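Shown next as structure tokens: one chain only, the form predicted on its own.
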């Protein structure tokens, strides 16, 4: 897989512990990588350095082999960029802005832009100054995608979108990913990243805390099952078996066990002679992975990151 974006020890130190530090990240061609983190953790600073808008204190970031700070003018028009803070030029309407953007990008065929406008239910004739946050976000998304760029840098792109429009946007991004686009998307919502990305990086206090394959989240080595028993004797008997109990709730005669997928048949055999009220798999997800990976000392950071 060809490397499209590569950061090596990328650092922007604003002082007092603010900024990003020693970021190592490689994104391959056609890969979609998510970027999770709380507000102020360094997501926007990292993305702005990739765009060449911010000069690193040390380290480097390259796009298609070109160093960002020195050569971003050579590739910036080939990137579909949705900024974290949207500031439009002094134009009257969304239509005027989109036409200006099309001229800048050299886009002659606006049919895909029109498709996006319809799917996102955008009124481009509205005044730019009077647009709601959601309308501004939709306009920025159309502007970023209309030129059919090979690379997408999306900084919290669903901010301000209602649930239906968020789903519409994520469908569009999945389509772009399926077309082989290289995508780097930040979000404070784990579920968005888990359902769209190949890998997800978590940034905490300006440093990459971990990077995980989403496939490993969808198909974990261990699975957890919550089991509740009708009879106390069965509850006690089950606890005497060899299973790893990760949570025990005697009040409800309920346990949660962790086991390999291949042990599931054995679990059901053991339960077949017991009076079970219910058994349910506890879904593993990105949030749980990062909680387990980082430990309780940083749980507050993760809690703030989830909506």
Partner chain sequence: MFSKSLFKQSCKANGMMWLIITVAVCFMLSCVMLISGRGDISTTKDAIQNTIIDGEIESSLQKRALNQYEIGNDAMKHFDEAFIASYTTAYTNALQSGVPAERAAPAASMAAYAEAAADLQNTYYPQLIDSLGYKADSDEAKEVQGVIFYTLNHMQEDGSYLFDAFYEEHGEVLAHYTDLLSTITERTHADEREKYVMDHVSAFLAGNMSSKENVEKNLDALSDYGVTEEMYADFGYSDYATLKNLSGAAIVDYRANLEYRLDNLKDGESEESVRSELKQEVTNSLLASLPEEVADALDEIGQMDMYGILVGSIFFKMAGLLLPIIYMIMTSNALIAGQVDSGSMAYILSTSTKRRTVTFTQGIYLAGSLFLMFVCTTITSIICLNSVDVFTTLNNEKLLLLNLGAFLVMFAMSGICFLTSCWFDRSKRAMALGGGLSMFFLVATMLGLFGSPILPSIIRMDALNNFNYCSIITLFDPISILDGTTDYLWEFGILAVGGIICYIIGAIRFRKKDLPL
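Positions refer to the first chain, counted from 1. Treat the numbers as computed from the prediction; the structure is a model and nothing was measured.
Below, we turn to the form predicted together with the partner chain, even though it does not appear here.
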For the partner chain in the predicted bound form, the stretch among 247-255, 263-271, 24-32, 47-55 with residues bearing a heavy atom within 4.5 Å is 47-55
Among 134, 147, 83, 124, which has at least one heavy atom within 4.5 Å of the partner chain in the predicted bound form? 83
Identify which of 236, 215, 103, 162 has a heavy atom within 4.5 Å of the partner chain in the predicted bound form; exactly one of them does. 103
Is there a heavy atom of residue 91 lying 4.5 Å or less from a heavy atom of the partner chain in the predicted bound form? yes
Contact with the partner chain in the predicted bound form for residue 225, defined as at least one heavy atom pair within 4.5 Å: yes or no? no
Exercise: residue 207 in contact with the partner chain in the predicted bound form, heavy atom 4.5 Å: no
If you check in the predicted bound form, is residue 77 within 4.5 Å of the partner chain, heavy atoms only? yes
Report whether all of 69, 97 and 140 sit within 4.5 Å of the partner chain in the predicted bound form, measuring from non-hydrogen atoms. yes
